[in-house]
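In the form predicted on its own, a lone chain appears below as structure tokens.
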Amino acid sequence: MHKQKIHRRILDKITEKLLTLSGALTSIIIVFISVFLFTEGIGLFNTPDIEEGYALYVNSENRIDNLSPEETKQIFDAEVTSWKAFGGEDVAINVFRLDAIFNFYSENELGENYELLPEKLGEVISREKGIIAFLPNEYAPQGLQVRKLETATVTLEDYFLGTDWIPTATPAPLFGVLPLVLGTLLVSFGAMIIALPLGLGVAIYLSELAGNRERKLMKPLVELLAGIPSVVYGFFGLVIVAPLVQKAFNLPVGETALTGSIILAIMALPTIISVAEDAMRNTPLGMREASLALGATKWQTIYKVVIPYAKSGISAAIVLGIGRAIGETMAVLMVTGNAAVMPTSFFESVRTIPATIAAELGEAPAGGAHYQALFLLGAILFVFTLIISVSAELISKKRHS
């Protein structure tokens, strides 16, 4: 008997140490992932705003010293055609790329191994007062009339307040995350508007109104929704919900923020229902009986006794539902249209942060500006989910008033 107690104590100690080690490892892994995200992403603000390995060159008579990424995009997209728009002379902008050199010189004139290419590029730029040339550094033009535009680095304002997400644009990629952040918040907000009334209604029914038979039937069905893979929800939204939204609102396409909100609402329902229902069922039976004994009706007891007592649990359910919506990737990727534009309504295509990471990370060169910008998106999403998780924890620990 004494040996059994000793063995039990040893086993308890081992179990305690294993659980402590497990908790410590989990904490270390979370910290490591957080540091990794921020370390990989923060390098973006040390990278030039012009594509790596290239530079912009102008005629030395041009008064412009530098251009922002947005201004560079306007020039190369032919949205602005005169240097006067940027404070220069009223001279037409002439965009020049490397392959245009063959319009001026033959291959023989450039040398057998293109050793004369820098000199010839300098001649072209010297002759054209309004030229702006996007050239690789290895063929940097030579000449007294050639000037290289100053290159800045990506700034915090460019990234967090920029309204254009075009990471593959040349010569100046644009990494404005504002459309992605607003798209994520819009879709999540729409999902909560739909899911909260439905989820709380079902939770009240299961906790207060349903009989044992109905509860035993509906509870597994609700939990089954949580086990369906997100790609299945996405396929359902793409095939069923998107055409219905398109037809109902007479839209050009059905892949919109509203479609994404509907799918996310369905996916968030199990979390909201389960947490809220458990909170309501934990209301002491004596409080219900006392309310009924004082003459309150069933409904008065629910919304004046049960719901106020369970408000912290209901609040936690709401916060966890929001976290479920914000972090969803595959379903949103399939049904929102993936348009990285500033959202103005629920009836337009949008793109969310998780969908952007999933769609673009495989194509981004490791260590490049695009790669770093995506890791910063992951850091932003991490901060969002951290705030939501901490809020849920604080709410769930709040004492009942």
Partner chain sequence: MNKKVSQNIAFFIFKFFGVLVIGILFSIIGFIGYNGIQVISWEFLTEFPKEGMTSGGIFPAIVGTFYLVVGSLIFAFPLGVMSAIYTTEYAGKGWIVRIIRIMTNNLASIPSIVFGLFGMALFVNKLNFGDSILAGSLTLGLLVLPLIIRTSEEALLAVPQSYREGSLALGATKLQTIRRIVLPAAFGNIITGLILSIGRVSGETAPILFTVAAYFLPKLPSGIFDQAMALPYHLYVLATSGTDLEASRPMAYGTALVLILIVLIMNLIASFFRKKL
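Every value quoted in this text rests on a predicted model; they were computed, and no experiment measured them. In this text, the rigid core denotes the largest set of C-alpha atoms whose superposition between the two forms falls within 1.5 Å. Residue numbers count along the first chain shown, from 1.
The discussion below concerns the form predicted together with the partner chain, not included here.
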Of the listed stretches (44-52, 28-36, 64-72, 339-347), which one has a non-hydrogen atom within 4.5 Å of the partner chain in the predicted complex? 28-36
Quick one: is L198 in contact with the partner chain in the predicted complex, heavy atoms, 4.5 Å cut-off? yes
So in the predicted complex, does G162 come within 4.5 Å of the partner chain, heavy atom to heavy atom? no
Does any part of E214 reach within 4.5 Å of the partner chain in the predicted complex? Heavy atoms only, please. yes
Counting only non-hydrogen atoms and a 4.5 angstroms cut-off, does T297 reach the partner chain in the predicted complex? yes
I have V202, L225 and F382 flagged as a candidate spot, so tell me whether each of them has a non-hydrogen atom within 4.5 Å of the partner chain in the predicted complex. yes
Identify, from the list L269, I318, A279, L121, the residue with a heavy atom within 4.5 Å of the partner chain in the predicted complex. L269
To verify the annotation, which of these, P252, P229, P284, P308, has a non-hydrogen atom within 4.5 Å of the partner chain in the predicted complex? P229
Going by the partner chain in the predicted complex, which residues of 348-373 come within 4.5 Å of it through any heavy atom? P354, I357, A358, L361, G362, A366, Y371
After fitting the core, T15 CA displacement of 2 Å or more between this form and the one not shown: yes
Using the core for the fit, does the CA position of K129 change by 2 Å or more between this form and the one not shown? no
Return yes or no for K120: a CA shift of at least 2 Å between this form and the one not shown, with the rigid core superposed? no
